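In the structure tokens that follow, the same protein chain appears in two forms, which are kept apart as structure 1 and structure 2.
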Structure 1
């Protein structure tokens, strides 16, 4: 009897603990967001989203910075997506479990996933900017972030492929399809939610990145004309406004809000797409 009472008490205590940790996490998040909204929300209007920074960033907008950020992401994805897809397909579909290549690549990606972003910054500066002579440019920044997002991209794409039932592969083989054809027509569509999730996570990581971009894509806040121009990323703009420009806080908060909204939109649309895919697959079946 006493045991049962003790168990009930433990259960109640655990429930309280779980609930309070959830409340704590939500509370911290609300606190951060509240501060950002309080300081920054009043600054956001159409002119802010489209204009060029003026008065050292205290005035004007972030239009040019959004463009630079978009270009950095574009370069990043144009390189990382095909490379990541290829590697994921190899690891998931073409590599037997004990293969040395698979093992080495997987180990190396594990390490790459853990490399601190500031080390990517050091590497990007030494390799892309100086050694390859790209200078501080959107190209350098994009390529550096491509290296950075590759492990996330590969991991979730690979998961996508692994979640495809083996019957699909056998069916394709039974129909006499080449592996390339099976990949294109059966496996790729079935695994696409994994790819989409990977792309989303990758974009999210690249979008939020500061340390790797300071030393690669640089500080220039004007409208970029080519990929070889230096372009300031959103998060770097936030850093500069809050750390280097007196009176930059309101704009820093507004920029942060825009960044968070972008992330929310990207995450939201990705899970919406993934759900739609799942839905279509289920209804087709």
Structure 2
């Protein structure tokens, strides 16, 4: 009886700890969101979302900032998504467990995932801006963001593939399916939750990045005409309004609120699309 009571007490303590952690995290997010809404919601209207910044950002809007942010994110994911998916497939499906190549790649990814973003910014400035001659541009910022996103995307997608039961692979082999067909029709849909996690984490880091983009994409707030033009991202705009512009805090909060809304919309859309894709593959099977 004493052992049973001790076990129940331990279970209750563990449950209380888990729920307390969840409530704490939710409370912190709600607190931050409440402050952003309180200080910035009154600044947001159609003119704010479509206009150009005026008076160093104290007036006008963030239309050009949104365009630059979208272009940087588009370049980032266009490069990172195929490279990340291909590397994750190589590590999970074609590299034997315990191989030296797999060990070196995984350790390198783990180290890169912990590298400060400003180091990526210095690398992007030296390699993309100077060595490749791209200068301060959206292309340089997007490629640097892709370098930051790749470790998270690869590791999350790899774990998604490793979570797929081996029975799926053996069943595909018993049906005479090639490895490519099994990967496309069985393994990739089953591993889609891991892919979605990697994409959403990568998009979140790319959208929220500041230090790396200072050295690569630049500060220019005008409408970009090509990927080789400089462009200011939302995170940089928030930083500039908060730190360098007197009286810019209300506009900074409004811009931060738009950024949070974009993150929530992208995360929800990615999860919804992954669920629909998985259900369609299951219904077709």
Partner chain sequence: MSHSTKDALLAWVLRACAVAAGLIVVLIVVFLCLEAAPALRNAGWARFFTDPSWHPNRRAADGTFNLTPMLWGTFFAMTGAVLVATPLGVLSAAFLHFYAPKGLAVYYRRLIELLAGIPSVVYGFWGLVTLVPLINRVHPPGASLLAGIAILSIMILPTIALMADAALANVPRAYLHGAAALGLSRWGTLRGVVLPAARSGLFTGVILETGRAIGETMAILMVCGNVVQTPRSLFDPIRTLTANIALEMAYAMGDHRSALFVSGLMLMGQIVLLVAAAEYIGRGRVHG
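Numbering follows the first chain given and starts at 1. Bear in mind the structure is a predicted one, so any value in this text is a computation, not a measurement. Here the rigid core means the biggest group of C-alpha atoms that line up within 1.5 Å when the two forms are laid on top of each other.
- Matching the description of the form predicted on its own is structure 2; structure 1 comes from elsewhere.
- The hinge between the rigid parts that move between the two structures is at 237; the other choices in 202, 213, 157, 237 are more than 12 positions from any hinge.
- Of the two rigid parts of this chain, the smaller turns against the larger by 13 degrees between the two structures, per C-alpha superposition.
- Core-based alignment between the two structures gives a C-alpha movement of 4.5 Å at residue 28.
- Taking the rigid core as reference, the CA displacement of residue 9 between the two structures comes to 10.7 Å.
- Superposing the two forms on their core, we find that the Cα atom of residue 37 is displaced by 2.5 Å between the two structures.
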